[in-house]
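Below, in C-alpha cells: the form predicted on its own, a single chain.
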C-alpha cells in the first residue's frame, strides 16, 4: 500500500519552479521600483540576463537580450553589436533552451496560467507547424524591421518590443502604470498601447488552454536559443544503450518536440522521471545534474541531498545580497537628497517645483552652447527625449510651434545618453529649429532635472529660473501654452 503523502509533499514546488521564481526575483531585484514607479538605471542595466525580462520593468536590474538584439541590429550601421551577439552566442552554447525551461520568468507565468482548470488543447500536427511562426517573427520583427527603420527612417525601432511583446506590456507598461507616481503617463497611452494590451490578453488566454503558447509559437528569444539546442553544454541527453525506443518521452512532453533535445525541447527534465528505461538525464557536459533517481526522489517529495542544500544556500545568499544592495545600499538619483545650497533668492537648488534649478552649461548638437544663466528673464522649457522614444518624437513639433509662436521662450531638448544611432544626422533629416543637446555619459544633465530613461519629460522654469513644472509624460500644444501661462503668472 502506497504511503499517503502530506499536503506539503503533494504541493511542494519542484526544483525547476524554485529556479524560475529565483530568476524572476533576481532579474527584478529593484523591488522599490514598483513603489516609486522609477526604472532602475544602475550599471548592471548594461548586462543582459538570459531570460525574457523587459528592460523597462521598474524592477529590472538587467537588460533583455531580445531588446538588446534589436537595438544592435538598428545600430549596425554605426557600430557593431559585438556584445549582444557574443552574449547570445554564450547563452546559446552553454544553455540552449534550458533558459526557457529553467531561467525565464515569462515561462513560469505561462505554466502557472496553464494550471487553471479548463479543457486543454493537446499538441498536434497543427501546433508543430505553428511552432515555426516564432522563427518568422524573429526574422521580421527582431531583424528585418529594426534594420529597415534604421536604414530608411534613420530611427531605432525595436519592432518586436514595440508592436508585439506581451512581456513588455505586462512588466514595462503595467509595472510603471501601477505606481501612483506615474499617473501622468496615462496621457501617453494610445492606439499602440491598446493593440499591445489586446495581444497580451489573447496571449494570456491562449496560455490557459495551450501549454506555453507564447513560448511555443511567438517568442523570438526561444527561437534563437532553439538554434543552439543540439550542441548546448547543458541539456537532456539520451543514453542510446538503454533507450528502448518506446517514445514515451516525446508522447508525454507538452512541447512540440519530435525527439528529445531538438529545437522545441526546453530541457525541463520532466521526461527524465517518466523514462521507464532510465535512459534520460539532464547533463552539463558529462556531469549529471538530474538523473532518473533524483527526478523520482523529487517527485516523491524526498529531501534534497546535502550538495543541493549547499547550492541553494549559496544561491539564496547571492539573492539576498543583490536585494539589499539594489534597494538599500546602491545610490540612485531618485533616492539622493536634494542639495541644501541656497542662493540670493532664498530658494534651495533642486528639481522640484518651487526650487531653483541648478545652473548648467552644455554644448549643442551642431555647434554653440546653452547656458541656463543666460535664460534669466525668459520662461525656459527643457524637454528630455530620445530618437527611440515614439511619444518623444510625436510631441517634438509642439515644442517647435511653441518656439515659433513665442520667440521670447527658451527651449532646450536634451537627448538621453542612451544612444542607439547618431543623433545629429537624425536631427538634420527632421529639420526641427530647436536647441538640441546630448546628455553626458554620466547623465549629469538628467540628474540635474531628476530625469530617467522614462521619457519624455518636460521641465518648465519661470523667468527667475524657478521650477514650476517637472513631470514625465506626453504633452500637447495646448498643454505647453497652459504651462507657459502658469510660468508667467508664478512671478
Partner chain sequence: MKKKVLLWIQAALCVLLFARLASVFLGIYLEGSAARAAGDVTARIFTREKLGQGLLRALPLLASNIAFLLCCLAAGLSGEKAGRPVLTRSLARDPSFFLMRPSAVGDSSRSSAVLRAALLVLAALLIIHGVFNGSLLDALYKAINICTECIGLG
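No experiment lies behind these values; they were computed from the predicted model shown. We call the rigid core whatever largest set of C-alpha positions still superposes within 1.5 Å between the two forms. Numbering follows the first chain given and starts at 1.
The form predicted in complex with its partner chain exists for this protein as well; it is not shown, and the discussion that follows is about that form.
- Partner contacts here mean any heavy atom within 4.5 Å of its partner chain in the model of the complex, and among 134-142, 376-384, 318-326, 227-235 they occur only in 227-235.
- Proximity of 191, 259 and 483 to its partner chain in the model of the complex is complete: all three residues have a non-hydrogen atom within 4.5 angstroms.
- For residue 86, a non-hydrogen atom is located within 4.5 Å of its partner chain in the model of the complex, even though that partner is not displayed.
- Contact annotation: residue 217 falls outside 4.5 Å of its partner chain in the model of the complex, judged by heavy atom distances.
- A residue is said to contact a partner when one of its heavy atoms sits within 4.5 Å of a partner heavy atom; residue 364 fails this definition for its partner chain in the model of the complex, lying far away.
- Interface residue remark: residue 240 is counted as part of the site for its partner chain in the model of the complex, having a heavy atom within 4.5 Å.
- Only one of the listed residues (310, 278, 288, 198) places a non-hydrogen atom within 4.5 angstroms of its partner chain in the model of the complex, and that residue is 198.
- The contact residue chosen from 185, 130, 347, 109 relative to its partner chain in the model of the complex is 185, the criterion being a non-hydrogen atom within 4.5 angstroms.
- Contacts with its partner chain in the model of the complex, taken as any heavy atom within 4.5 Å, map within 460-478 to 471, 473, 474, 478.
- Once the rigid core is used as the reference frame, the Cα position of residue 381 differs between the shown form and the other one by 2 Å or more.
- After superposing the rigid core, the C-alpha of residue 395 moves by 2 Å or more between the shown form and the other one.
- The rigid-core alignment places the CA of residue 25 less than 2 Å apart between the shown form and the other one.
- Relative to the shown form, the Cα atoms of residue 163 and residue 479 move together by 3 Å or more in the model of the complex.
- The pair residue 473 and residue 163 approaches in the model of the complex: their C-alpha atoms are at least 3 Å nearer to each other than in the form depicted.
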